[in-house]
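The data below hold one chain only, encoded as structure tokens and taken in the form predicted alone.
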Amino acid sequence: MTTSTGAKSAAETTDPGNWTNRLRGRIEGLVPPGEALPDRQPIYVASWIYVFGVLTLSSLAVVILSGCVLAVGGVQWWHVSSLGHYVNSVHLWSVELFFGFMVIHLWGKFWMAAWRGKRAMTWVSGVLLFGISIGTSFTGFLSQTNFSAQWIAGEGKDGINSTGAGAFFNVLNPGQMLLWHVVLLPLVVVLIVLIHIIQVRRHGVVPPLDADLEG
């Protein structure tokens, strides 16, 4: 009886029709074994051009952390608090570094033809991340709750309304822009970053053109 029950339990846990098993299989198949957190890389990865992707991720982590600290105090406290001024400056400059590192990374990979070797989705996700990040930064400027935010909104509304996007994306509504900035767009950014990293880990780091062994 014990053997029969044990065999039945084993069959149930390996049932391919079970959605939990299917989901687990998909997660385990995202990257090859041992590539999720590799401890070794090819020698050409020692070049500085390969560092800017990691610097982009590091600055993004500071952006998110400093943004969370700003959110704790509400939408205006950083205007009247010395700590708020400091955290706001950290948030701003980490965004500046994020875009600087990302542009260098983007152009570096462009001239390396980083879409080689079935890496097209890696390249596409990176470019898409760049575009979404611009929108996230734009809503951040609109959420400053100062005259600068009002001026940016006033100058930007006509261009956005001319595309028809103003029907659901009202730059003159600071509450809506704040929610887009702290909830919706960051979720999209993090999701695309995860997809990008998975693609890199799945297909490996692209080799330089003069070290390409893929044919």
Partner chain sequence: MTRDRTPDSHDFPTRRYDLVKEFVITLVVVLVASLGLAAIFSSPDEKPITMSAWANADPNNLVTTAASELAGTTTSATYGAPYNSNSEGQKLGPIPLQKWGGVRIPIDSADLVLGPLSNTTNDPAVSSAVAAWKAAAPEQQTKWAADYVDAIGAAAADGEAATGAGGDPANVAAGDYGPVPALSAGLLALAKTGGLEGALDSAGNFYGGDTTKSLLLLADGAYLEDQAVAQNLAGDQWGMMNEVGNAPGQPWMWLYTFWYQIKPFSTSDNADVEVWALMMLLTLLLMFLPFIPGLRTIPRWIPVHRLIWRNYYRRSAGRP
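Residue numbers count along the first chain shown, from 1. Every value quoted in this text rests on a predicted model; they were computed, and no experiment measured them.
The discussion below concerns the form predicted in complex with the partner chain, not included here.
Taking non-hydrogen atoms only, residue 203 approaches the partner chain to within 4.5 angstroms in the model of the complex. When the partner chain is considered in the model of the complex, residue 57 lines it closely, a heavy atom lying within 4.5 Å. Mapping the unseen interface onto this chain, residue 26 falls outside it, with no heavy atom inside 4.5 Å of the partner chain in the model of the complex.
Interface residue remark: residue 64 is not counted as part of the site for the partner chain in the model of the complex, having no heavy atom within 4.5 Å.
Residues 168, 170, 172, 173, 174, 175 are the ones in 168-185 with at least one heavy atom within 4.5 Å of the partner chain in the model of the complex, listed in sequence order.
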